[in-house]
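One chain follows as structure tokens, the form predicted on its own.
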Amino acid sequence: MKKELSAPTMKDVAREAGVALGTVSKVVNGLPVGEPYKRRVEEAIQKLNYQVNSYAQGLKASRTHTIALLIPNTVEPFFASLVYHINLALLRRKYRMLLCSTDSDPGMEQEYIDMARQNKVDGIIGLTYNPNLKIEEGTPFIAIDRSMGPKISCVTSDNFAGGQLAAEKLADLGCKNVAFLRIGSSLTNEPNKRKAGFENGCLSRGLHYEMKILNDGDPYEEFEAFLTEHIQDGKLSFDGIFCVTDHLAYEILKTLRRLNQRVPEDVQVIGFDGTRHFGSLEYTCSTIVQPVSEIAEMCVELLLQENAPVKPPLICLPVSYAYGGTTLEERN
């Protein structure tokens, strides 16, 4: 049987380059050495195809240059976009990302936190739904969309302002009677503020509004029943609808078509998130846009910030409105 060749070691590189082992170590770790020695070591590394075990290096230095990201899933476009931008922000800083998709399972979220600690990642960014999540003292952790105590920074969009902006936009577009539709976690988190913002916007503009709120797991058919109840002589009494996510807006648009309601002629619809077709093209609906790349950048910046005496408990980033074909205005 043919014996497999073992991977070259640092000693092999030193022997090939004709230098001391310490010289190879300095070159590998980016420490200064004489240019002739550096060149000989680099040539030996290339010739032997020596691979640096960066993870082992990190363990020795108590730093792995790896960040764990906890995300509910990568199916929802907003979550997928967050993953993409956080990974880019880490790569720019020479860090790697350990992706932990939890499927919104509270138990799995805790398992991933424990696993991340055992693997000695340098920190964790988490969008989580476990109300009893335990994070050890001293664990570098940045939360997205959920405040988890004064010692853990939370990065989020300005959800209250986004809800208010949606109401004001519907009013500006001529709506008089609007509906607020929500499905989501019962956990107290920042996106829940979209409701209060929308109510405030309706009150300030004199809009009549009604609300239909469901929890995760409730059937979408309840929304269809709610809208059907508000149809008289084939016409929906609402002329504007705000959905707290673009995903919900997508489902409601299908429901409106089944109910023979024209969008945007009969009813205008605004979602929330800023989801685009195929990730970078047109918006899936008129929407309140979350600044995903800025959220990602802020999370990474705060997590890797060293020697900061105090980190802010809550950072709200501004949102904006974008036309996506489900409101009456013309495209710019």
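Computed from a predicted model, the values in this text were never measured in an experiment. The first residue of the shown sequence is 1; numbering continues from there. Throughout, rigid core stands for the largest set of C-alpha atoms superposing within 1.5 Å between the two forms.
Heads up, the form predicted together with a further copy of the same chain isn't pictured, but that's what we're talking about next.
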| property | result |
| --- | --- |
| I231, A196, L214, L88 - the one with a heavy atom within 4.5 Å of a further copy of the same chain in the predicted complex | L88 |
| Sole residue of I124, V83, L236, A171 within 4.5 Å of a further copy of the same chain in the predicted complex, by heavy atom | V83 |
| Contact flag, S280 vs a further copy of the same chain in the predicted complex, heavy atom cut 4.5 Å | yes |
| Any non-hydrogen atom of M97 within 4.5 angstroms of a further copy of the same chain in the predicted complex | yes |
| 4.5 Å heavy atom contact, R146 to a further copy of the same chain in the predicted complex | no |
| In the predicted complex, F226 touching a further copy of the same chain (heavy atom, 4.5 Å) | no |
| Per-stretch contact check against a further copy of the same chain in the predicted complex, the hit in 154 to 162, 196 to 204, 73 to 81, 127 to 135 (non-hydrogen atom, 4.5 angstroms) | 73 to 81 |
| Residues in 104 to 134 with any heavy atom within 4.5 Å of a further copy of the same chain in the predicted complex | S104, M108, E111, Y112, M115 |
| Rigid core superposition, T228 Cα moves 2 angstroms or more between this form and the one not shown | no |
| Yes/no, S104 Cα shift of 2 Å or more between this form and the one not shown with rigid core fixed | yes |
| Pairwise C-alpha change, S186 versus D105, in the predicted complex against this form - closer or farther, 3 angstroms or more | farther |
| Direction of C-alpha distance change in the predicted complex, L127 to S104 (at least 3 Å) | farther |
